[in-house]
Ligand SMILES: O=P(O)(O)OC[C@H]1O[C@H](OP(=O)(O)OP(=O)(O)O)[C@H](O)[C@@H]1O
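Below you will find one chain, with nothing else, as structure tokens; this is the form predicted alone, and questions on how it binds or moves follow later.
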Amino acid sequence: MTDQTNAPLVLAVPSKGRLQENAAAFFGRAGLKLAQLSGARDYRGTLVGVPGVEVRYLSASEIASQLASGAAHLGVTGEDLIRETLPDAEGSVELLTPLGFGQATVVVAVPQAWIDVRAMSDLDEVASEMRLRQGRKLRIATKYVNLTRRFLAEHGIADYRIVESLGATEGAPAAGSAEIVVDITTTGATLQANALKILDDGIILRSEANLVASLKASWGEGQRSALRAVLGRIAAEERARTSREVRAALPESGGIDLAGIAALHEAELPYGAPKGLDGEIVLRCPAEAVFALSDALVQAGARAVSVRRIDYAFAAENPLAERLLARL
């Protein structure tokens, strides 16, 4: 790709609402503050403390398109929009890490009155029967045209017609514009309120907001340097959030099988083992392994064990960046 050493790394984030708030909180936890240039009406900004990054505030659907075209290097958007917008998502973008917000599920829902229709195989029979008896195709209201077509093809269903939805998709059957819907839901309450039910095997995609990288963007050395800085902080925060630091005073007699205990509890010695037999050791382990590791150290003779949370855990390895750079 063309080297654009002086061009900024473009980070696209949601422009409004809860998605923007959650995206700002995600980057904030990693010590990365989003700052708009001239207040809330300016759709450009910076990433405080990281030079060479331009922030663009866009709608979630625009972010997916910008990543697909290579106009943005990184973006925060839902996996549902990535899968819907990009026919070849795997060849166009890299989903770096899920962000823990914006969860929703894309589903196939049919009228509750269809008591004999519980699965996609039943839906195939309904579509065939409708074509034979009524001379028309099963109508499906949805905003997710590509996801719907791919999912129905996987289930061998061909007798249908897509009705693109511009408003409240779940109201289409009651309005008479479609028989069933493919829509996004969080709790299913809205579908139930519209007398719809989700098919047992009608889950197309469990989606949430992701940090996504474009494989189509121009990645010069300047953008790669900014990428390492941004992803280094994100990885350090994630590593710290999901792990705990365990300190233990070794017995004066020594004799602890430190390597064995660490391996058994998925722990590491980030600063290495002490040279002498008598001293303090520092281990890092997954948060869920804290109690088992502490018990094992005490039983092995440790004089005292303490556990603490850590803010950031930086390492020479940057798995998020390495995975992406390997594909560029």
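Sequential numbering from 1, following the sequence displayed. The shown structure was predicted, so the numbers you read here are calculated from the model rather than taken from an experiment.
What comes next is about the form predicted in complex with the named molecule, which does not appear here.
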ask   = the named molecule isn't shown here, but in the predicted bound form which of Leu258, Ala89, Ile184, Ala217 has a heavy atom within 4.5 Å of it?
value = Ile184
request  = Name the residue from Pro251, Gly188, Pro111, Pro98 that puts a heavy atom within 4.5 Å of the named molecule in the predicted bound form.
outcome  = Gly188
ask   = Can you say which of 120-128, 165-173, 151-159, 241-249 gets within 4.5 Å of the named molecule in the predicted bound form, counting heavy atoms only?
value = 165-173
message = Is it the case that Arg309, even though its partner is missing from this view, gets within 4.5 Å of the named molecule in the predicted bound form, heavy atoms only?
response = no
